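The chain below stands alone, shown as structure tokens; this is the form predicted on its own.
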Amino acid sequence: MGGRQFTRIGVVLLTVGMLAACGNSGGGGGGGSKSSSDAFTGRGPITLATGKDTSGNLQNQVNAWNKAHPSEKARIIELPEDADSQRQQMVQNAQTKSDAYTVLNLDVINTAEFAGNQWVLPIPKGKIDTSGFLPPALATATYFGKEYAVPWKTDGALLYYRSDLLKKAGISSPPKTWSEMQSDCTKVLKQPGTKGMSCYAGQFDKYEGLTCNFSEAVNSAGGEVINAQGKPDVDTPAAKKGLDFLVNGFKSGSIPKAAITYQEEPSRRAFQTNKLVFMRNWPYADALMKKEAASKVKGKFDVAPIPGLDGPGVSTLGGHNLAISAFAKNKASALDFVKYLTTQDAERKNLLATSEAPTIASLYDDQALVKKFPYLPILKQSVTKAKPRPQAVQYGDVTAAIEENAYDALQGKKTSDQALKDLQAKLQTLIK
């Protein structure tokens, strides 16, 4: 679901701010004859390999396509819910050159790997107009200056907060800094009816979400995991301030001990059952907390930019792109299907049904949508300011190193200083 799940992969070391890579033996950006529009031939049934359709809206969109294209019907192939398993099955499908998967729903961090290995084809120029897409989202679909996918869903982190409790405590606006958030919590938790509540939680289990939360903390304190020269730069005072924000949260109890097991859904459930004042999560959570019967926070919460050390924080960029398998049949149908799912109308309908972040910029300024989703301007700000996860050839090892050291620091097994020193040393062996 949007940026909820992230995948450990190997991608090419990329320059900061773009995903145009330096190349590898996997085929550079050429792709030979496969890169031409001649490769996109054949019409007939197609498949979409994707994670679980939790909203049910994707099936609705596929049904509408099938009704209009009875001889080119699409079928959803739901992969395991776990993001790592999703990538593994897509890789296995590509390595065996199977035609089972036609269109791939790739995490943004997957695109370069699949493009570099020529497992997906460049989108023919002029076939799909991508000029209206958010630049950060479009950058994730680009490799060697070519678009190997089409941005479908993007993601920026949001701070969910209990607007009712802040108002009750006399707080007129959400916090912009970590210290303001702590001060607000102190006031809120003195109010009647807040017994058993904690201040804040994000996603701190030992998985890809921890890499996102750690990177956000470091970036929001003015630090970097990988600097502009592509070198590890995490053993710094700024990075320590970011990690200490999380470590001290666990030590003080501001972040509940249970949050060490939180992924996206457990943190959402904790917030919507009155256990948290503030929660860092992705846009998808908004719609679910407003409609689920189990939600106790309907009409009681709002969203804001995530806070940082001295002002609004910096989100990790999430999202998904649609790419077409180099080994699939009926690529002409697949290209039209990708175009269909990424039109302004389709993305608008998906936003209305799921609250997932669209990739088309104009939708964030649509006043009818803003009225229904007041957080859209905030989300646009989050996405446009967002930074990608560290880009490295051995990304799976890089994210594992981040998770291991950050997790040890959060559990108190290492000091922040030691965790960052160990992480710096490990990253230097992985990123050269």
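Heads up: residue numbers just count along the shown sequence, starting at 1. Only a predicted model underlies this, so the values are computations on that prediction, with no experimental measurement involved.
One more form of this protein exists, namely the form predicted together with a small molecule; it is left out here, but the text below deals with it.
Proximity to the small molecule in the predicted complex, taken as a non-hydrogen atom within 4.5 angstroms, holds for one residue of F250, F301, Y101, Y207, which is Y207. W282 is the sole member of F337, W152, Y161, W282 with a non-hydrogen atom lying within 4.5 angstroms of the small molecule in the predicted complex. With respect to the small molecule in the predicted complex, the three residues V225, P390 and A400 uniformly fall beyond 4.5 angstroms at the level of their nearest heavy atom.
Among heavy atoms of I109, some come within 4.5 Å of the small molecule in the predicted complex. Using a 4.5 angstroms limit between non-hydrogen atoms, L79 is distant from the small molecule in the predicted complex.
Put simply, L246 is far from the small molecule in the predicted complex: not one heavy atom of it is within 4.5 Å. Although the partner is absent here, A259 is not a contact residue: none of its heavy atoms lies within 4.5 angstroms of the small molecule in the predicted complex. Shown alone, this chain has one stretch from 339 to 347, 164 to 172, 235 to 243, 314 to 322 that lies within 4.5 Å of the small molecule in the predicted complex by heavy atoms: 314 to 322.
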